[in-house]
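Two forms of a single protein chain come next, each set out by itself as structure tokens; they are called structure 1 and structure 2.
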Structure 1
Amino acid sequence: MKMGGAMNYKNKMMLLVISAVFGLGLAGQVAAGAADGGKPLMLADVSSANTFNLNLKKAKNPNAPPWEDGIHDTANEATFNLQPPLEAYKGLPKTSFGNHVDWVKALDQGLIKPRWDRLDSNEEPFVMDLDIVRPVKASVPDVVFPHRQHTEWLLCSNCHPAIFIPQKGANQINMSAILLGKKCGVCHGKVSFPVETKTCKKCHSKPKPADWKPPLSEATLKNPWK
């Protein structure tokens, strides 16, 4: 790529790519325009393009006390009266991710009993014991969604119909949407266990059949030369 003369559009774009890959930043990218002796190239506003990565960012201290967690209002004196998580979680089963508590196991063992109604402690939950299996086209295990563990905590209206339409085939779910904080990502990664490599098997839990083969694409099926 010649730098002495004027740069054509292809070389400008190549320099932009090199700048992005090697971290030259905005200055290096604008230089692509300046080197041509003309106006700097207009760059798209991508300031919020990767905000979904916050869903994968691990907290330095997932169980910080309320006055240090960055969530509670330290100007409110009542914040300092709240019990620190590490004290509240004593005796609960552990995990290696999230806030390091296996909440479903704690629920199954009767160690905790979430209040179903904020005002009436005697109100019983409406539990739906139904697993939904979502086949995955890739070679990873299929997804099993357990209604029981969710409905022991939540009303059906927390998810239906705003997040998930309660109808077979009506919901398109993929990891990109989840990482962007949609679908399952509305809760997971925020108030439920996070989306990370350690938690893949919690959802992708049904192995493929022994005779499973990856499905052929529509283009392959229509290809007369195969």
Structure 2
Amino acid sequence: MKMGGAMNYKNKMMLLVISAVFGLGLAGQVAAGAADGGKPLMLADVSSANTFNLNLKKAKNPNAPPWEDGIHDTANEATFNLQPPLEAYKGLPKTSFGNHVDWVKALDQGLIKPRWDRLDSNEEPFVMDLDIVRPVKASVPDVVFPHRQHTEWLLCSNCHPAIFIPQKGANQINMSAILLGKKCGVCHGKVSFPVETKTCKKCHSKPKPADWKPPLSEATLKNPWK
């Protein structure tokens, strides 16, 4: 009797563990956005530690209305008076990142008319059309910083001198700084278009000369084992 009880207990624990592991595996798979059409999952294939693309995060349901977006309180009645983004974005040129709206095109085509002055809807910005090319040592295309698109939205003093010294090449910029929210990353990755694979070429827009080769590293040049 007592023995039987212990056996049962073992079996029960097994069952519990198996279903928990299955749960984890399935959750991981679903979370990773697996889309192989409901193919049944094999327990042996998937465990909690070995899910396919473990670190990939995919934004789900972009442009969700406020009452489904996870930050607005649905117990607050006024939440339902707020405008869903998609309603406002109707007719605006689309992208596949950030707000999923091409704000530069929307403005250039006159589809939106944001005020330059809080009160006076007739004031116009002082737009400066000056491109700054920043050669990049890496193999990616060189960076072109266009003043035009920026001065449509911003004042010189939003960037100069706090973020950038207004002198070509005077600022040290690299991707680590940008991704951590410094330099271009003060705005890009926050409010202006984000920094992700789909947007690299928006900044890295000037192709390298045809004869360009990546510079060899010191370690290669001085390699005694060559």
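FYI, numbering is relative to structure 1, first residue = 1. Whichever C-alpha set is largest while still superposing within 1.5 Å between the two forms counts as the rigid core. Bear in mind the structure is a predicted one, so any value in this text is a computation, not a measurement.
Note on provenance: structure 1 matches the form predicted on its own. Once the rigid core is used as the reference frame, the Cα position of residue 196 differs between structures 1 and 2 by less than 2 Å.
After superposing the rigid core, the Cα of residue 207 is displaced by less than 2 Å between structures 1 and 2.
Relative to the superposed core, residue 72 undergoes a C-alpha shift of no less than 2 Å between structures 1 and 2. Relative to the superposed core, residue 217 moves its CA by 5.5 Å between structures 1 and 2.
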